[in-house]
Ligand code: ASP
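First, one chain by itself in structure tokens, the form predicted on its own.
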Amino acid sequence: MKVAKFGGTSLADANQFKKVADIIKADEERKFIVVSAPGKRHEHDFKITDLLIRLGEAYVKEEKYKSYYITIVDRFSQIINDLELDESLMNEIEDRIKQVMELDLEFNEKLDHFKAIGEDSSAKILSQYLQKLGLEASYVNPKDAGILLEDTPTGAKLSDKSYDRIYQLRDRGGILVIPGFFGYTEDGKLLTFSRGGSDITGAIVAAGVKASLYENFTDVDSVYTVNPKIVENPKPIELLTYREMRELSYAGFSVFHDEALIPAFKANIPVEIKNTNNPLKKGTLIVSNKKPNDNCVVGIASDTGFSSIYVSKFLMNRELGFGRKLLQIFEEEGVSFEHVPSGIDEMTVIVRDSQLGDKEERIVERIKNELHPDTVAVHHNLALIMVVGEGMKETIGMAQRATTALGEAKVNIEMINQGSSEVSMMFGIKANDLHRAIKSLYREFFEQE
């Protein structure tokens, strides 16, 4: 019994819907299908979710919104007509958009309703198309599927009661098509996950029904050892552990939403990444454990958009509570940190620029006034590189190989952080050195084998 999730590019137009249907028909074990909203058909196209957000924002702010409405309706109408489905389905989608417009809700809650229309419509279209092909298939609303969420300050979180409800889906016959990205609280409030959250829904459903495999269909054949935009034709990764994928997805691997694997990981369900456009191609399998091999590095991930706040104070190590007080300032200012490398007399807090925003000056002033350091310095335009692989900590010479490769590329290392991690080494460098650094690391770990 498998759960298959199809991303936005897999459902971008009617031809893609047909490919998805062929994949579902090819394996009768694919009983639970989770779908995203239609994505881009080409590079200059728009994702339906982006259009829905613009529609919602314009409507609530009483700005011009009809062009967004028309574009959204036209996209869905074209898919439905090309699949030769009943016109009543298009009327149902239009009615839903109009209903959301009339809802008397706070802005953010109303926007969640707008965003959910994309996935909801995809699920209804796919279920009807599967029925047209003669398959026993049905649309299942997330509320009926048992996807029960809790509204927390950090976003929508799955309720502990949800899995027992989702498990009951096993008793239903046929293929069940479930919209990703959103669910409901116990009192009926609709909530969405963060962007890319359909991956989370897929993993939740897989864990809930105790699936034998969670298949995540996207637009790439596999996860690659490095970003193909930086290194041409990089090697594919055939096997990964959950921990490796978590490190890679956090540091810029965009195949998976970085929270998506958690439900599957906890339920010990294998995850396979496959290509909708090339479904017979061997993908990437993600498992709990694997046998060690000679080259323990599986991938090199990177991301930009970081800043560091460097704080030094003589005898810092003897000042009880200094680290807690420093991080408490960030907490009180609503800024989460990514890494905190430290020395005897210094600490550096790495944050994403999107988190820091306009709070930088206030945070620096608070550090000076409350902690009385010798130095406070902020450095922008940083990139982080993660060299990832199980067993790196026990493999002699890994750090030396990485630093030598960066040295050969004439890249200055701003910071290094491995700590107790067994699966990754982190390097901070200037963002404009990133491509040169990645290419050199790739040569060291993958072309020298």
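Residue numbers here begin at 1 and follow the sequence given. Treat the numbers as computed from the prediction; the structure is a model and nothing was measured.
The same protein also exists as the form predicted in complex with the named molecule; that form is not shown, yet it is the one meant from here on.
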> Do Ile33 and the named molecule come within 4.5 Å of each other in the predicted bound form, heavy atoms counted?
Replying inline: no
Check your understanding: So in the predicted bound form, does Phe181 come within 4.5 Å of the named molecule, heavy atom to heavy atom?
Key -> yes
Give a yes/no on whether Lys393 approaches the named molecule to within 4.5 Å in the predicted bound form, heavy atoms considered.
no
Looking at the partner-bound form in the predicted bound form, is Gly208 within 4.5 Å of the named molecule by any heavy atom? no
Contact with the named molecule in the predicted bound form, heavy atom within 4.5 Å, among Gly283, Pro373, Pro263, Gly196 goes to Gly196
Only one of 382-390, 34-42, 54-62, 410-418 sits within 4.5 Å of the named molecule in the predicted bound form by heavy atom distance, namely 34-42
Across 114-130, the residues having a non-hydrogen atom within 4.5 Å of the named molecule in the predicted bound form turn out to be Glu119
